[in-house]
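Take a look at this single chain, the form predicted alone, given in structure tokens.
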Amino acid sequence: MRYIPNVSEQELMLNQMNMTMEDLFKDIPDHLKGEIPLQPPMSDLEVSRKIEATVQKNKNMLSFLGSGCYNHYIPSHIKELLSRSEFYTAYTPYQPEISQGMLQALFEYQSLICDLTGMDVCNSSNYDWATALAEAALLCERSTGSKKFVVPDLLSPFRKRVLTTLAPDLEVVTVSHDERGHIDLEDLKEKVAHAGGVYVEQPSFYGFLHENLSSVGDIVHDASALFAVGVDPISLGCINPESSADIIIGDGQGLGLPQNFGGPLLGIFACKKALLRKMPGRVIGMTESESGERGFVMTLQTREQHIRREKATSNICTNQALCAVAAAMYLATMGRQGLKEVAELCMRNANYTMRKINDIPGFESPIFNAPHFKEFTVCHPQYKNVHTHLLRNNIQGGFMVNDTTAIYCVTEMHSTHDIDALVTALEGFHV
């Protein structure tokens, strides 16, 4: 603020705090307070050459990473349409009369997600799956008055960390799993007492599909709690959404968004109509003008900017609107049949890869004897060395859970040649 004559205001504030300007920066180590040795300026040509030289250091690697960010095919027209300035420069559509295009696109996104998940309403949108989970837990608390929230012990560690960070006042209770990785129903019956909500991921973080979710939902509702399910939306192309769920969340990154070094993501949040007024975010609705013309407006806005702070259900200050538009384009392009074909191809590729790896001496895949979608576990007593061996062969293995286990991901983007290259590399590992 050096260009604004506010010296007197600065002094007044510092005096009020009984501090000096130096006090404000006392936490910074002295060795960081010196001048920064910047390089001399470069010409445009020199900068271009430097960037090109840096890019040459990148390696093209065959990747089997997943665990929350996935490589799916993106129809070429999505990027082209998404680059239109009407979309990528649009912010919150405060004035509906000049934001009809963006509002309609978000309305279509909500409609498609509701059709996909079987839920009544959907917001547009949350930051990512992890923040949607935290918002789902807080919704359960608002609806039931209970701060107890039950999650599986095989929950994604990334999402659990965000949950406990954004909802620190909740009591997060962990329920165990059986030999197949499914929710232990007897343990759930004990821990669901007085809980506000129960959360399960389908597929699980370890890639397998729960086959007892209907029983889980019955137990949850018998305890007067809410049932939240986290989904991979691509998987809904070949498996039915859980009908007993009150809330369905997930990440729409796989719906037309690139991995792009881990972001941006898209938090999906859909729920039953009875929870609409307690749902975070905003809802776009369709209406009719006085002259009888169809129009779109923000029907529900629950952020503190629009209503009294104490009445707000969330402090979300923006959202992933452009990402939601991309997801709407992807779902409209693929349709029911296209999404089914992608999901089935993912499942076939993953199960083919599991069988091939499990046949290699010393390797076990998967850990749990259950149906898997596109992710699965690979075990080896010296997996850290296996991982290093793969990197030397220009293959990025799965996400390492521990020293002996990793979670691999195979999608429709992996050809049989890619999978066979991975298997050959693993066969070449020697202790």
Partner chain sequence: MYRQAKFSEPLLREKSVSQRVGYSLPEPLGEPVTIPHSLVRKELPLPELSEVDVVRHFTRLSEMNFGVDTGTYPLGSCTMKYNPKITEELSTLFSGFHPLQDESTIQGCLEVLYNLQEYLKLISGTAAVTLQPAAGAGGELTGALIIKACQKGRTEMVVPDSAHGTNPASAHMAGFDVVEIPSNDQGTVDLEALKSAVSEKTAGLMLTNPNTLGIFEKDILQVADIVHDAGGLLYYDGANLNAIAGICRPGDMGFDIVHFNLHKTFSTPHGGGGPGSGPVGVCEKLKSYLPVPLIGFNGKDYSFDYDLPNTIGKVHGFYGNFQVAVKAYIYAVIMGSDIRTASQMAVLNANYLAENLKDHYEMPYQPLRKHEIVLSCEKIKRETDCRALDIAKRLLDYGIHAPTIYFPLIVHEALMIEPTESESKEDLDTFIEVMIKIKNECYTTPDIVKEAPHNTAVGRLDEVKAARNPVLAWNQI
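Between two forms, the rigid core is the largest collection of C-alphas that superpose within 1.5 Å. Positions refer to the first chain, counted from 1. Remember, predicted model here, so these are calculated numbers, not experimental data.
Omitted from view is the form predicted together with its partner chain, to which the following refers.
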query	finding
Its partner chain in the predicted complex: contacting segment from 147-155, 222-230, 325-333, 185-193, heavy atom within 4.5 Å	325-333
G362: touches its partner chain in the predicted complex, heavy atom cutoff 4.5 angstroms	no
Close approach of T165 to its partner chain in the predicted complex, 4.5 Å, heavy atom	yes
Proximity of N385 to its partner chain in the predicted complex, heavy atoms at 4.5 Å	no
4.5 angstroms heavy atom contact with its partner chain in the predicted complex for V423	no
Selected contact from S143, S99, S244, N358, since only one has a non-hydrogen atom within 4.5 angstroms of its partner chain in the predicted complex	S99
Residues within stretch 183-215 having a non-hydrogen atom within 4.5 Å of its partner chain in the predicted complex	Q202, L209, H210, E211
Rigid-core frame, C-alpha of L14, shift of 2 angstroms or more between the shown form and the other one	yes
